[in-house]
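One chain is shown next in structure tokens, namely the form predicted on its own.
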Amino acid sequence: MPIRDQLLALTDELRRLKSGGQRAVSVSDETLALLREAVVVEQARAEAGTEKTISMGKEGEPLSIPTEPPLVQLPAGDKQTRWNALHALVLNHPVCRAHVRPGKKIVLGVGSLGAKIFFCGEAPGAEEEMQGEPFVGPAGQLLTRMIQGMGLRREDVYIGNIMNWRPEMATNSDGMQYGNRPPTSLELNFCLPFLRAQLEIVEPQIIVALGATAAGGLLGQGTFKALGDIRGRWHQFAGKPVMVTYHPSYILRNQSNRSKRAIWEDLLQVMERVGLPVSEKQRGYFR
């Protein structure tokens, strides 16, 4: 991928962060050095007439996403039987497999198949595609602590993403992808049937959409300008109430009590709606 395309992807990510309410981004000296190095390398290639586009597909062809989402039909049986069938379907789906780099994993949701609360993010990141489990990196560890603050364990809820693979970016010479980009609308729409199937199996009372990209995937792209316009209020997806709140990564970047209180107020509404007890101590968190 030419440096121009990488910068465009970076711009898209900054727009996503801005839509979530973020106004500043901390960049390490190491990251700046890598960016400068990439620019220098790209300029050298162009001057030498050897500039090449890094293809994601086989035989030099870029990977594509079918415009027609897959048809998912679950077998009869109990929840575990149906989830196992869905898991096998996703792991063996040719489009999903084509978008996963060698040594990495497709990611499906985890947790209780009888959960009242379904936490939904946008897509796996680096740690998630290594382990094959959603929300296991720093943001996932924070999400686990948030769930514990609600008086629950991680295994009491269901946690998943709309997408089942990490959105691809160009790799360095070592074959590693550095950085993430938000999924495209086409990618999100293609994976939505797999998400709907998980909702059909789990039958949660509530969906918690984590972040602007997940909210757009569920509620429709372009239905809101900024996450602040819709967070903290109830919406609908697949016949289920949806609470939109910030992604845990937002709190990692914004450690103020004000930011923490905002997401906690959203979770208090979730607790009340599913009938979880709320203590005075819990009501007072981050005030």
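Residue numbers here begin at 1 and follow the sequence given. The structure displayed is predicted, hence computed values, not measured ones.
There is another form of this protein, the form predicted together with a small molecule, and it is not shown here; the text below is about that form.
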property: Option from 132-140, 87-95, 194-202, 70-78 whose residues, in the predicted bound form, bring a heavy atom within 4.5 Å of the small molecule; result: 132-140
property: The small molecule contact at Leu188 in the predicted bound form, heavy atom, 4.5 Å; result: no
property: Partner proximity in the predicted bound form: Gly125 to the small molecule, non-hydrogen atom cutoff 4.5 Å; result: yes
property: Residue contact check: Gly121 to the small molecule in the predicted bound form, 4.5 Å heavy atom; result: yes
property: The small molecule contact in the predicted bound form: Asn164, any heavy atom under 4.5 Å; result: no
